[in-house]
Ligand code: ADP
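Here we start with a single chain on its own, the form predicted on its own, put down as structure tokens.
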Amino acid sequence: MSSSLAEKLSEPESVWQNIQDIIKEHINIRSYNTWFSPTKALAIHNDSIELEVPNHFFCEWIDNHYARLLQNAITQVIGEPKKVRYIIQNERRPGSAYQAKDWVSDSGSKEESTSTETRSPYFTRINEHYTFENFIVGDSNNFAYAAGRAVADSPGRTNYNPLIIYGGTGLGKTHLIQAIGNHAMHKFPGTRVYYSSSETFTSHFINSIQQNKVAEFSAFYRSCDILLLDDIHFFSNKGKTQEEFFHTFNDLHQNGKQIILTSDRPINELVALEERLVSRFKWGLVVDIQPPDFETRLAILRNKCEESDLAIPGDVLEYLAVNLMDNVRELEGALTKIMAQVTFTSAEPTLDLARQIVSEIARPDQKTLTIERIMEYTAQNFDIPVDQLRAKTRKKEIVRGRQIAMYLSKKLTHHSLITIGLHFGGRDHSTVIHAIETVERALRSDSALKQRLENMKRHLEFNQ
């Protein structure tokens, strides 16, 4: 062994930094920050390098997507190839290492798929429009998207079985799980993929009982290679349906079939589901989708405009992206209404039209006090430009106005801290908490400020 190689083996952190620098040059910064920035080198041996990663998901994702790039970087820095061994963070014990497989070219997966090409057609109930290509990825859904791609590339052959995606209404869960199905069917022709809502599953089960066809019902669902089931929270308090799905789940899982589920809440909050079912849900990977940030919302709108081949002014799209924050379905619905007005009535896609439609979507029966309105009124009251409330400036009068606007937004609307922060230039929830606490402390000792804010609250509540 040369002295230079021996020196490298004794300095894993320095060597890994050099390897990371090479990797950074070949992938985008978001991918680098997601997969390589949290990774550390623990040791370099004569034949291998040990990398510490946060969880099993990192092992397989890096191994499946960046194996060649990683190996090339290792060889370039160390001077010779090394096997990669992954150590899961907080699991540094004998036998806990994940041994990376040898890198396989694309032709390796084609052999696997030929065995299913002669299988009979299968009615999937999947919308062909839902694909990975038109799923807009941002910080709010990046991890869920990555997990979905991993499962779609190797259904039933990863540790992510079941894969469970949870999040609020209209955030793209259905799009993502059907994109998994579409991708898997394209990559592995003949794969039996079936999509169903939990409500439809329950309805099918009830009908099978009435028609004395429970055996046929069970056989059908257990014949799937990939089962996509939406809204499992619908199973709450439905004992017989839960029991049937429990046995279906066991059968599919034991036979290496892929199960993908969605829910509107975390697994631990599904209190009306049987414990044995919840415990099985925890066997795989649970990921969440959060409301998208401003940039992602704007990208969604621009993508929809491109799909429809219709030009909508940028300020209109930005207005929608700022004011419809919690629900992608509502966001797209608002844009569809504008497009319909433009197409069928020759209306101009103006800000006034956008304001009207946002008002109708937010609360059709009456006016709704919005964060945007609170910001405008606060800026007017303190004689500062409203755009400065979103800016990074730390001028005392701007900071004070911003904190008061955040405080009023929390007191007078039902929006979350995250949503409020996004309105104020993408600030995080801890900044909003700090602002609220600062204002509350000031109110305890400043009677003039207290009276002023009371007057502002009354004005906003009665002049929406």
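Note that the structure is a prediction, hence the values are computed from the model and not measured. Sequential numbering from 1, following the sequence displayed.
Below, we turn to the form predicted in complex with the ligand, even though it does not appear here.
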> Is every one of L171, K304 and V328 within 4.5 Å of the ligand in the model of the complex, counting heavy atoms?
Replying inline: yes
> Picking from 275-283, 127-135, 251-259, 210-218, which part of the chain touches the ligand in the model of the complex when contact means heavy atoms within 4.5 Å?
Replying inline: 127-135
> At the 4.5 Å heavy atom threshold, is H175 in contact with the ligand in the model of the complex?
Replying inline: yes
> Is there any non-hydrogen atom of N141 lying within 4.5 Å of the ligand in the model of the complex?
Replying inline: yes
>> Can you tell me whether I374 touches the ligand? I mean in the model of the complex, with a 4.5 angstroms heavy atom cut-off.
In response: no
> Should E332 be classed as touching the ligand in the model of the complex when contacts are defined as heavy atoms within 4.5 Å?
Replying inline: yes
> What is the one choice in I300, A150, I74, A184 with a heavy atom within 4.5 Å of the ligand in the model of the complex?
Replying inline: I300
